[in-house]
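As a starting point, one isolated chain is supplied in structure tokens, in the form predicted on its own.
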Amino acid sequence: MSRVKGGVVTHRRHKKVLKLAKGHRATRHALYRRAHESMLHALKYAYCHRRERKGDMRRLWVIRIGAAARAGGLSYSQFIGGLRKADVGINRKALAEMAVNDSFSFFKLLTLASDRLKS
């Protein structure tokens, strides 16, 4: 059986890893072994943080809704409780968007929630 040299395949794989590690500091973008470690960590962080971003966005929405609700005289929890009692099924993303861009509609929901809390 003839000898098979793997130089082309190895070189291609190394180039792919070094391309992914482009922009990393020091030897982490230049030396294959260091670049491979750096690339694995970077890909792991990217995977984890894609999931973490969902919670970050929800926290941002809650902060925005809470600020707009406080401007109307209710706390965040009172506002959400009032909406639940009024059977308004609107999610936090839409509420936050409304609070920032459509304050008139948000104020209507705010008055609806406060009315439901009083009754």
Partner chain sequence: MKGTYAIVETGGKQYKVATGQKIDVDRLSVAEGKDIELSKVLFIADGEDTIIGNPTIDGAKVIATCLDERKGDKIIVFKYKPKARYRRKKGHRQLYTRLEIKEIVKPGEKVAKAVRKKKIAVGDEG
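Residue numbers count along the first chain shown, from 1. Just so you know, these numbers come straight off a predicted model, no measurement behind them.
Just so you know, the form predicted together with its partner chain exists too; it's not on screen, but the next bit is about it.
Checked against its partner chain in the predicted bound form, the residues 67, 40, 60, 30 give one hit for a heavy atom within 4.5 Å, which is 40. Proximity of residue 105 to its partner chain in the predicted bound form: non-hydrogen atoms within 4.5 Å are present. Using a 4.5 angstroms limit between non-hydrogen atoms, residue 117 is distant from its partner chain in the predicted bound form.
At a distance threshold of 4.5 angstroms between non-hydrogen atoms, residue 88 is in contact with its partner chain in the predicted bound form. Contact check for residue 34: every heavy atom lies farther than 4.5 Å from its partner chain in the predicted bound form. Of all the residues from 47-81, those having a non-hydrogen atom no more than 4.5 Å from its partner chain in the predicted bound form are 47, 50.
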